[in-house]
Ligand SMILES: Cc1cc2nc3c(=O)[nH]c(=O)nc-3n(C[C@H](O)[C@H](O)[C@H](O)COP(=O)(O)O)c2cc1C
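Coming up is one lone chain in structure tokens, specifically the form predicted alone.
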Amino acid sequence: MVGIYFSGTGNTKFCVEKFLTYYTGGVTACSIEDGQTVEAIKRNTEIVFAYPVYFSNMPKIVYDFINRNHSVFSGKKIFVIATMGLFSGDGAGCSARLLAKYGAHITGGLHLKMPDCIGDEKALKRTNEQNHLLVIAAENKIKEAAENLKLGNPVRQGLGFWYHMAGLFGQRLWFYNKTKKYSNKLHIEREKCIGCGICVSACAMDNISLYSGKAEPKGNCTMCYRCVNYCPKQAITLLGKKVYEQCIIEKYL
């Protein structure tokens, strides 16, 4: 089995690597940003496919990756992991339906509640201890899911009609446009920016460039929140107007 994932600030990477450890005893995982990922999919019959959920949907970058490389998924056995800060309904089902359309066999689905990465919205913030407990609970759930898959009794969270309805009417219909296109809402405060280039290197979409010693965004943001959470001067916001916490998985382990 190989792990294929997209991860903003480390939550999903952590989860897929833990799943592989419990399922296979080792870790072979590739980000969809890696140039070798498609070849890794071709070489493996069994795949765990993981991503965070945004507005009850998969990130645009994940949707585009599946569509762009649809031929490699035919005949693959795929277990889907969806990480989320809140209830998503059919977070795993969003990709499962698309992958099945391209000939994949979906073996199961797992929803994992993890620390939220949206650092510029105060209402979503938890204490470090609360987030630490979330990670512990998620790892326990991962271990159980991996054991069940070994036994041929995989969990199927996010898959099926009722999960689909919960995701559709719970959030996705109201926020459909949030993930249909890439966002142009990323804001960088020039007065705070020191031109270090950390955000440029972190961006999954090549959406930020340095001009005259300052970082400037384009209109191609997939809302992964890496730049917001890694900026040393807290100069970047996306959904909110102020950074309340910089959320990266290492803080909660």
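The first residue of the shown sequence is 1; numbering continues from there. All of these numbers come straight from a predicted model, not from anything done at the bench.
Unshown form predicted together with the ligand; subsequent notes refer to it.
For the three residues 106, 110 and 157, a heavy atom within 4.5 Å of the ligand turns up in the predicted complex in no case. Listed residues 138, 146, 84, 72 were compared with the ligand in the predicted complex; 84 is the one with a heavy atom within 4.5 Å. In plain terms, the part of the chain that comes close to the ligand in the predicted complex, with a heavy atom within 4.5 Å, is 110-118 out of 72-80, 147-155, 110-118, 95-103. Shown alone here, residue 223 lies within 4.5 Å of the ligand in the predicted complex, counting heavy atoms only. Looking at residue 3, you'd find every heavy atom of it more than 4.5 angstroms from the ligand in the predicted complex. Not displayed here, the ligand is approached by residue 171 to within 4.5 Å at the level of heavy atoms in the predicted complex. Contacts between 45-63 and the ligand, taken as any heavy atom within 4.5 Å in the predicted complex, involve 52, 53, 54, 55, 56.
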